[in-house]
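Okay, here we've got a single chain as structure tokens, the form predicted on its own, with questions on binding and movement later.
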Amino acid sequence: MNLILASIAVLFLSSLVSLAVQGKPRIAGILGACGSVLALGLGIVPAVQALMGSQFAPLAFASSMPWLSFSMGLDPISAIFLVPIYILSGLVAVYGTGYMKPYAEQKNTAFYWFFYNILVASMVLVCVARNGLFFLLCWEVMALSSFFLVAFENDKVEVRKASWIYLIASQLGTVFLIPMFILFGNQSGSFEFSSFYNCLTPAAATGCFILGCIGFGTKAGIIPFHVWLPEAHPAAPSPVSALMSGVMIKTGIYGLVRMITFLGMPPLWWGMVLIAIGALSGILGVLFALAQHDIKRLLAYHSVENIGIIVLGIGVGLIGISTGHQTIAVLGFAGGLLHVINHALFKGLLFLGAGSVIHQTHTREIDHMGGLIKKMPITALTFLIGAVAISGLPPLNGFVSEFLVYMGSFSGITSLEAETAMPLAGVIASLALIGGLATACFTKVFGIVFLGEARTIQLDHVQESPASMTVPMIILAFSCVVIGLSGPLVVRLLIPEVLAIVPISGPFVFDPSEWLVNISIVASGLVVLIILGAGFRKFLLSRRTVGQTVTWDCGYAAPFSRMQYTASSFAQPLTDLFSAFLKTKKHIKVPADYFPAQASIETHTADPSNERVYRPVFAQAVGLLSRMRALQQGRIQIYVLYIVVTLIALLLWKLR
């Protein structure tokens, strides 16, 4: 724990030092990044030790505020979330030193580094806090620091709008968390997490479960509480998007898992609710991603999708606990929690890859890109690895975690009664559909952005991003490959820690690593064959003259960029298939003759949760609040009178 505290101290100190040298943006960036990297070196050691089963004594510092104590602890649940927080924050900080250079000429980047390290420190504190009030305090610091990072380019109207949407959503989530902790504190007599275990009546436990799902689900971005996510990620600088999507939204998953451990034996319907939420978020998230043209908005919806996969795993785990089947519970939780780590790696990689592209092309619209693999080969290769990983394809890491959820669901189908097994069959169907749609989506993204010819941008000025940006992407891509190929070892290390979380005793008889060994061997063999084939081809061509010409195009010898697929045309068959959910609006110019001068298709897909729920509700709220402006007299005496009247009313209520 001392090293964890040291890492937090380094983060806070480096944030203050960066702010102190705000007149020198280059030095501020170096100091801020060094603080994150040093915190990574300090904090990753105890986090990995806890993940391997080491025990750490909790720490507690008294406070003069009632019910509040600065209690901290480190266990496997915290470690599962701390490992990706430390790794990704350190790599993203290095990436940010190159990405933020153009901003230094126009904006004060010292504030960026100040809030960046505050955000990282607050996420660490959220994961180690062991007091309800202390947890909420860190939770709010995390929300405010990320708000200022999202609003970094506040001179743009869309950025200001997105940042306020994010802040409002964060506070609405906290509104549900406060009564949840009050329920725990009221029935346990303390706000210490150690007193929360099995302290609630069944009705109170159900209330806490519902409040926690809404409060923590809003931070995680589950549907329908996700509306802030596709707004905030495109508005924030790409390093911030990578950090928020990769690890910050996972604090919502951490809170949900931590809360579940307090509630005792869950009823069966809790797992079914989480499966329904996960399936809805996963399927709709990937569908809305498929319909996007903005590369960062597309990746934001994929965050919703992958949070859905994680929640599916937790739902499977809860059904296993409710029915007393240890194998189902362990595989579900293991798959969901491993996907927390895997998603941090490949989604951080994808956002950094998107940032690299945006850094060079100065656009987020994928329809304006094309042919970038020729100018940015490192970015293209690492982005491709991230795309394969997020699609859940072997031999990369996304497959391993989804495989565990699959196996947990299959185990439940073969061992549970029909009515209980039906939701698990839904998990398998949902994962299969999500994986297929994700593959189609990233085929679209990679093909349009990196392959073919440039559409509207000129490739003359485009070049590979600097090493400060490409090296973190290479490390993340390498991590995706390593975890994928060493899946059996990763599972064997994770299962014992999950067994400590699952409150079911008995021997764990099913070993999924046996299945993964065969898959890893076959996948590794394919990778080796591809490498050998590429090397052999290069050897055969080394002594020959290799010419280049245009692609034969049915006799047409002058193909140009307008003959390529656009994002809309590529996705049209799938968006038409799911038009009942997407409600995509099309603008089509049909070819008029055999040699048309113009023909085009444009699509726009609005988020129904935003358009049909939140926008009308907030419009009504704004109208109601505008009628209360008469209370704002602008005179201090009137405001003092309001305070006095409120105090008298509270006194009378107390005396009553």
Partner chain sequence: METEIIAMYAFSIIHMFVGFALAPLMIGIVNRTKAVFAGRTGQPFLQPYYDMVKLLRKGAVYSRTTSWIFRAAPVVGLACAVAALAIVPFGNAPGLLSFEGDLVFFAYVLGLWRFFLVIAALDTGSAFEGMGASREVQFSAMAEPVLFVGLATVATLTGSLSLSDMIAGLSLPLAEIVLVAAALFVVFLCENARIPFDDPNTHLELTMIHEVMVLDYSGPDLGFVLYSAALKFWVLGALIIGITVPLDEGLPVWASCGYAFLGMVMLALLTGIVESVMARVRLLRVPQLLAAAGALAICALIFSMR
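Think of the rigid core as the biggest set of C-alphas that the two forms share within 1.5 Å after superposition. Residue numbers count along the first chain shown, from 1. As the structure is a prediction and not an experimental result, all values here were calculated from the model.
There is another form of the same protein, the form predicted together with the partner chain; it is not shown, and what comes next is about it.
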property	result
Heavy atom within 4.5 Å of the partner chain in the model of the complex - residue from Cys199, Ile413, Leu183, Val481	Ile413
The unique member of Ile519, Val83, Ile168, Leu136 whose heavy atoms fall within 4.5 Å of the partner chain in the model of the complex	Ile519
Heavy atom contact within 4.5 Å of the partner chain in the model of the complex, the stretch among 75-83, 338-346, 139-147, 379-387	379-387
Proximity of Ala418 to the partner chain in the model of the complex, heavy atoms at 4.5 Å	yes
Contact flag, Gln458 vs the partner chain in the model of the complex, heavy atom cut 4.5 Å	no
4.5 Å heavy atom contact, Gly189 to the partner chain in the model of the complex	no
Contact flag, Leu437 vs the partner chain in the model of the complex, heavy atom cut 4.5 Å	yes
Phe442, Gly547 and Leu577 all contacting the partner chain in the model of the complex, non-hydrogen atom within 4.5 Å	yes
Residues in 310-339 close to the partner chain in the model of the complex, defined by a heavy atom within 4.5 Å, in order	none
Ala523: Cα shift of 2 Å or greater between the shown form and the other one (core-aligned)	yes
Leu541 C-alpha shift between the shown form and the other one of 2 Å or more, rigid core reference	yes
